[in-house]
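Two separate entries follow, structure 1 and structure 2, each one form of the same protein chain as structure tokens.
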Structure 1
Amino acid sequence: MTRKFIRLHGFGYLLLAPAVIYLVAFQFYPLFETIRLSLYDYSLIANKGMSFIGLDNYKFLITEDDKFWKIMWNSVVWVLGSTLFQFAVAIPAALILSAKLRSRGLWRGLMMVPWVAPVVIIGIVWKWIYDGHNGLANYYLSALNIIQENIVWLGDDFWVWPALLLTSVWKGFPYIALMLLSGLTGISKEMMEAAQVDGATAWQRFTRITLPLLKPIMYVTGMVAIVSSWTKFEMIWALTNGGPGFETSILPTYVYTNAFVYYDLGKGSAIATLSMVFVLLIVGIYAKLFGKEND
């Protein structure tokens, strides 16, 4: 029986082995180790070994850490704000690029430049743009008489979040636009022409034909955008380091601060675990709200 099973299925399992080994070594083991470390008091600079403390790290974060809930709220603003504004820009961009434009292929290619550029490089470039003294943002806004004095974009509690969200949208919207553009090319031209002949306006054609047909693509793309926005740790770190103070910290940056700046691996692991639960909760709510009609 064993030899027959190996003869029939052995080669298939052999082909699957590299993927399984990768998942176990680089996905499941780090996840297990993170959860395990979160149950210990483990600081690399405390000159003491690991001591099991159970759920005390979680209790401290939830009930005693005065920054945790602020950072949790920042995470919600970052994920939902980035995703919604990316769609707000990507939908009209996809509609424009699906029209008959001169050099349409060139414009489509240029649109993808922000998406393929490294996140850290984008963060550094936009940090120069937002510079409070010599940045291009202040220069052009002053030239247009929109502002009278320079704004310290990344140091002002009011302006720092709009600046971060603008950068995130600029980086992320091309992917969503590309996915929507692929959906637009699959919509029957005959259907649109028939609706136009029947007297439907451009807005009616968009809301009653185009948008409903794009919903499945928007659903999947939205889920990808939520996860990718969540993992843009490098962008916030390159622009603000989570500052001023902890004003722009989100859970991934808080993990880095605790684990690799303060070297508190126990607390950092607890934050990472809560971060994973948080993003799974958001994805679950998103799937519950929009998943049924897009199966």
Structure 2
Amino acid sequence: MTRKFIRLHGFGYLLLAPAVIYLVAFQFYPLFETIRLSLYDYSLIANKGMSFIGLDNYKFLITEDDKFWKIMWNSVVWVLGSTLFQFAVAIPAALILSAKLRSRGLWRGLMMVPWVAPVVIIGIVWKWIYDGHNGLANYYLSALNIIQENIVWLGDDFWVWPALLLTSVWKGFPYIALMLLSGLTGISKEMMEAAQVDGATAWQRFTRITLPLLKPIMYVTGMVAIVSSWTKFEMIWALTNGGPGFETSILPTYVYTNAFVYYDLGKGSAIATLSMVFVLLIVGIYAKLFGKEND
């Protein structure tokens, strides 16, 4: 029995081992610490050490904290919005850049610009674009007579989320486009040409050949995009600090504010743990919806 098991699965385990061991070795302790701290009343500046309080932090967040659910909802909007719109931009971008073009390498390189631009720097530029007083967006939109009055993009109840999502899409789409581009290079030209000879239109070729072949890549890329937009908050932090108040906060900014602005590590850890649980849930749903055909 065991011998057979090893013969059957031994190599599989051996292959998975490096990644699993690495992650367990280096991430287990931080994970353990996070969960442990979440059970304590532990503020660095309350001057009273740590005291074990069981699930009180969680109870407070879920039942008493009037900010938590709003922030939770913001996170969902942020993640779904970012992922969907990033794909919506990345698919055409990848198709354009996989076509025969002069100096294609250059264009592909330039597409990477948003992705590699340091947030500390590019955050300043986006702030200039969105500034409600003398920002570029207002300047051009009023020059084109699209708006009559300046809009305070990041201070407006309605516009703030579209504005933030736009930056997220801008920053994140190159990665997805890159993945799709690598996937597209795997689709053989002969197959496409054969389809064309058979009279398939460009749209048919796209939906019948390209998309199905890209599915496995899209599936994993989508998963990565969800998880990474769930954890990445630098852009929001650079543009609004998650404020005013907690208006534009998402869970990671809430963790950050609690842990490093308020120095409340207990509460910060509890939010982080809940955040992990929620993302597992979302990823689970995602896998149920799209994972079947890819397994």
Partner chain sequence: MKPYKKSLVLLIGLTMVFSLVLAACGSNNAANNAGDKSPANTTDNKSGEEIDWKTVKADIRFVYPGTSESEKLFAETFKDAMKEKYPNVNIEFMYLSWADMEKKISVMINTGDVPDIATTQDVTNFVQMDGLEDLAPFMERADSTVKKDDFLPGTLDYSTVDNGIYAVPATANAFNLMVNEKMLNDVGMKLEELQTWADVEKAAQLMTKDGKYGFGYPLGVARFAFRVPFTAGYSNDVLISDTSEGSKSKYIELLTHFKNLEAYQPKAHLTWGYPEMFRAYSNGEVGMIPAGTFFSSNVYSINPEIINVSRAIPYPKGPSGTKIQTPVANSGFGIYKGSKNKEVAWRLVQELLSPEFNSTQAAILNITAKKETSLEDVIKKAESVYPKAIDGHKRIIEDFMGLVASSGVPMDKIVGQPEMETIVQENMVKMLTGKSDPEETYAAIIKGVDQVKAKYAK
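Throughout, rigid core stands for the largest set of C-alpha atoms superposing within 1.5 Å between the two forms. Numbering for residues begins at 1 and runs along the sequence of structure 1. What you are looking at is a predicted structure, and each value in this text was computed from that prediction instead of being measured.
In this pair, the copy labelled structure 2 belongs to the form predicted in complex with the partner chain. Comparing the rigid parts between the two structures, the hinge falls at F28 out of the candidates L274, F28, A194, V152. Two rigid parts make up the chain, and between the two structures the smaller of them rotates against the larger by 42 degrees on C-alpha superposition.
At Y22, the distance the Cα travels between the two structures is 7.3 Å after the core is superposed. Summarising the core-aligned comparison between the two structures, the C-alpha atom of I45 is found to shift 3.2 Å.
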